[in-house]
Structures are given as C-alpha cells and as structure tokens.
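Okay, so we've got the same protein chain twice, two forms, each given alone as structure tokens, structure 1 and structure 2.
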Structure 1
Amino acid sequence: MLDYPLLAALAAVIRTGSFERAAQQLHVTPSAVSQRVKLLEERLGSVLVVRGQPCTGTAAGQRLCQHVEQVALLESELRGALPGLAPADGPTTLRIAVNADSLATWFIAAMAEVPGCLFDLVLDDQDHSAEWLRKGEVLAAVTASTAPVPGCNSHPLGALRYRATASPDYMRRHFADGVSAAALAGAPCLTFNRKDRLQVQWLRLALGGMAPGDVPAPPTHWLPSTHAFVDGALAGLGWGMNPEPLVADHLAAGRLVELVPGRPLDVPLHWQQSRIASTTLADLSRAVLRAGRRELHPDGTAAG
C-alpha cells in the first residue's frame, strides 16, 4: 500500500495552495508537512509541488492528489457502513467540472440538495469539461460530450437554451438596416474565451447553412464571465449568446432584444459520472438529473 500520511500532506498542500494552510488543516506544523512532501518527492524521484503563491501540483502531484480524494470518498462510504471506525477527518469533497453557464443558472440548486458534502468546482467550456473526467481530475462533469468517458456513465440532462441578445441602442447603431451577413461582420460580439464557439454556431444557424469559411468573423470582446456577458450586452458593448434564464426578464422588459427574434440555440448537456461506488456521488447525480429535468429544455437526445 502507498504511504497515506505522506499522500494526505501532499493533497492538502495542493488543495489549499500553501504549506501553512495544509499544516493547519492536518493539525501538524508546516515543517512536518514540508518533510512529508519532500520524502514523497524523493521516493518518487519527481517534483510533485511547484512552490509558489499559491503552491500548485505538477501533473504527477495532481494525479496523486486525485487518488487521495478518491480513497477518501471510498473511506467515507465505509464509515457509513461501519460506524465503529474512527471518525472521518472532515466532510467529503467532490471535485466536479461544470460549464460556467450551468453554474450561473441551474447547477447550484442541485448542489444544495446534497448537504454535508463539500464541492470543488472546476469551470470549463461544455465542449471541454469531459477532458477533466478523462484525465481523472474530477469525479463527474456537466458536458456537451455524448460519448461516455471510459469508466463513466453518461445521462442526458436536457438543453440549455441561448438567445443571441443585444441592447436596443446597440441594435440601432449596428443593425439599423437589418441583421445581414455584412452588418454581422462589422458588429462587435462578445466571446467568453478561445474555447467558446456559441456565437459562431449561432451565426451559422442564423445565416442558414453557410459554409464554415464564409460565416462572418465579427470583431470581438473577450469576456470570461457569464454575468459579464449579460452586463456587457446591457451596456451595449456587443451581442452575445446569453442563457435564456439570465435574460428572460431583460427581454420581457425590452432592456435586451434578440438579434433575430425566435431564433434560439439549444445546447444539449450531459451528466457524466465516474462509476466509483459512492452514495454521495449517487445522491448528487440524482439531484443533478432532477435539476436538469426541471430547468433545462427536453431535447432529442433526452429520449435516448
């Protein structure tokens, strides 16, 4: 078996970002934590922690850290079954990858249904969140990816509906003569980050099956925050694909308008979860599927 006191010290440093906070969490001195991590690094012959502000794990360090958390999760199950065991060191932490727009609209309701569990959320684009699962860095992910990651189950959640929205003033400035391909090519849009393809997907849809190379590439602001997207649209900075739940009131009140009324973009989402036997993870999965059914739009894949 691996040396778990050493591994626990490593995981605490990587998760808290500092030797001091890890020491506090483990109720030992920072120098004890430092010795344990050094010993582990010597045994493995590789650096596991990049010392900095904050301290971060190397690829090997991250992998070990993930292993420690999976073992802790299994231990918490065992304690449920065998109450005579020594009490746990603390509540279980589930590391989950989720797209920012789900977090901003429906995911927190699911989290709140699993009390007594701590969450460590990794935010990534829905087209990339499954990679965290594939790398073993999270236990579950909200993802656009339908193909199950090896070792995981995949469940359809329904679709998050997006509306291409801008302020009325912005529409007057850029689309006084209508929302044409030429006008779209010159009107600034909002893009979350380099992974965000939603604006391009909507342009292709709205312009009716244009070849990818012909779809206009508008000038863009890079704005990596879901609510900043809404605020940026309200302030007239540009148009962007905003989740319907966040803009429905603004649309009804006329503070935002759709570029092309009645032309939403639906993004089907899936819940992929590790098959690791954990009642906490199973509880979360049930809560997530319930919240998805409640808050998302049923879509074609939901029947599959």
Structure 2
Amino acid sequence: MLDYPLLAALAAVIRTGSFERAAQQLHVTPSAVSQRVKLLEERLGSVLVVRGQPCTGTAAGQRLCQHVEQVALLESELRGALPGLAPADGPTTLRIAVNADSLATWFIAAMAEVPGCLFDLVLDDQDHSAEWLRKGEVLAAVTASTAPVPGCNSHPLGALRYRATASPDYMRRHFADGVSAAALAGAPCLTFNRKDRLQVQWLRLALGGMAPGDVPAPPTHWLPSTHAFVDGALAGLGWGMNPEPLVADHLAAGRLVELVPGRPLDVPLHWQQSRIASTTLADLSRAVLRAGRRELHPDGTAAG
C-alpha cells in the first residue's frame, strides 16, 4: 500500500526542484521532507530523486509523481460528490506543456475560463512539447504533433500564424536591393532557442522550397522571449518570425514591415490531453478548444 504523505513529499521535491522549496510548500522542515523521501526510497528499494541543483526525478520517481497528481485530481472530483471527505490541502493543480507563443497570444484566455484550479506550466517548443506527455510529466500539451500520445486524445486547434517582420530601417540597411538568398545569408535574424526552426521553415517557403542544405544560415541573436522578439524587431536588431496577433498593430502602423509581403508561415497546433476521467481537465480542454478555434486560423494553409 502506498504511503501518500511520503509520495506528496516526493512530488513536491521533483516539481519544485529542491528540498527547501518542497518544505515551504508542505509547511514542514527540509529535514522532514528528506526523511520522507529517504523512507519511501528504502521501502521501494529504488532511488527516486537525483540530488542536485535542481533535484530531478528518476524514471521511477517521475512515474510516482505522475501517480500522485492523478490521484489528487481524482480525489478533487470525489469531494464534489461526497462533501464528507476531508478537505483538500489546496486547489487542484494542472501541469500543462505549452509553447511560449501560444502562452503569449491565446492560451491565458483558456486558463481564465477554469477558475478554482492552479496551473503549473512547462514551456517548450511545439515540436517537442508532446514529449512531456510521453514521459508522463504533464496531463496535457499544446503541440504540433498530430498522432495521439498513448493514453491521450488529440484535437486540432487551428494554426498560429507567423509573419517574418523587421523594422523599416533594418530593411533599408540589409535589403536595399530586395530580399534574396544572398542578402538573407548576411542579415541578422532572431532565434528563440536551439529548438526553434521557424526561421528555417520560413526561409524554405520564401525562397521557393529549396533543400534544407541550401537554405541560408544567417547570423542570429538568441532571444528566449516572445515579447523580446517583437521588441528586437522594432529596435532593428534583426528579423524574426513573430506571431501575427502580436505584430498586427505594428504592421498596420508601419513600425514593422514584412520581409516578403503576403508570405506568412502557419503552424498547425493540437491539444492532447490524458484520458484520465477528470471534470477539471475536461473543463480546461473545452476552454482550450474554444480559445484556439476562436483565435487561431482554421487550417495550416498560408494566406495573405
């Protein structure tokens, strides 16, 4: 029989990344948290936490952490039907993987439709967020992956539209003779992180679907912030793939211009969520689908 106070300590360490923060969350001492985790490891005969900065869960530790969170979600459902159950320690927490651009443009509106629960968001590129579901570290994800992760349902949301944008002054400095492969090879661009492939995808589209090896590799600024991308483009640092909702006003006012007018890049997104029976998760899923279909483009085809 699993000891849930011990499991709660384990989950707190893995999710917060330290014994000290776990202790603050559980309102006990770090020594008490350490003793609980050690006792659980001894009972199960397995290392569950890799001690470090931050602390991380082993495969077994992550699996138990996922179990604890699913049990907490199911117990929150029972309390609604059985008021005599002991009150919860706090609101239900939903751990979700989402890409930064969705968070900056439309996902907050969906979160706001589900009052009474807390969110623990994991930020990752839309091409990689489904991996968090596969590892059992989140209950749902906004992802570019179409095929359902085992144990999950997948729903199309629409496409987040990006515009390759830069300031007028930047365009005069780097593309005085037009946007060409040669000019693009020397013009600085903005890249979110090493997983960000949007610039390469747009370059292939804009330059006629050339082979990956022939795509120009421009110098880049590394800016891991959606809003810094817009600010960097406005400041003339480089050109970047900016979500259309964040640059529409700048384009209309002439503060930003498109490198190639009428040549956006649409990135289809999907909502994948665990099939665990939870009213709270179902409510969030409905809110996400409404928000996505309201704010995103209905398909992944580019349009002017």
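Each residue is numbered by where it sits in the sequence of structure 1, with counting from 1. Quick caveat: nothing in here was measured; it's all calculated off a predicted structure. C-alpha atoms forming the largest set that superposes within 1.5 Å between two forms make up the rigid core.
Comparing the two isolated chains, structure 1 is the one taken from the form predicted together with another copy of the chain; structure 2 is not. Once you line up the core between structures 1 and 2, the Cα of Thr16 ends up 2 Å or more from where it was.
After superposing the rigid core, the C-alpha of Leu246 moves by less than 2 Å between structures 1 and 2.
Core-aligned CA deviation for Gln25 between structures 1 and 2: 2 Å or greater.
After superposing on the rigid core, the C-alpha of Leu64 is displaced by 2.4 Å between structures 1 and 2.
Its Cα shifted by 4.1 Å, Gly45 is compared between structures 1 and 2 on a rigid core fit.
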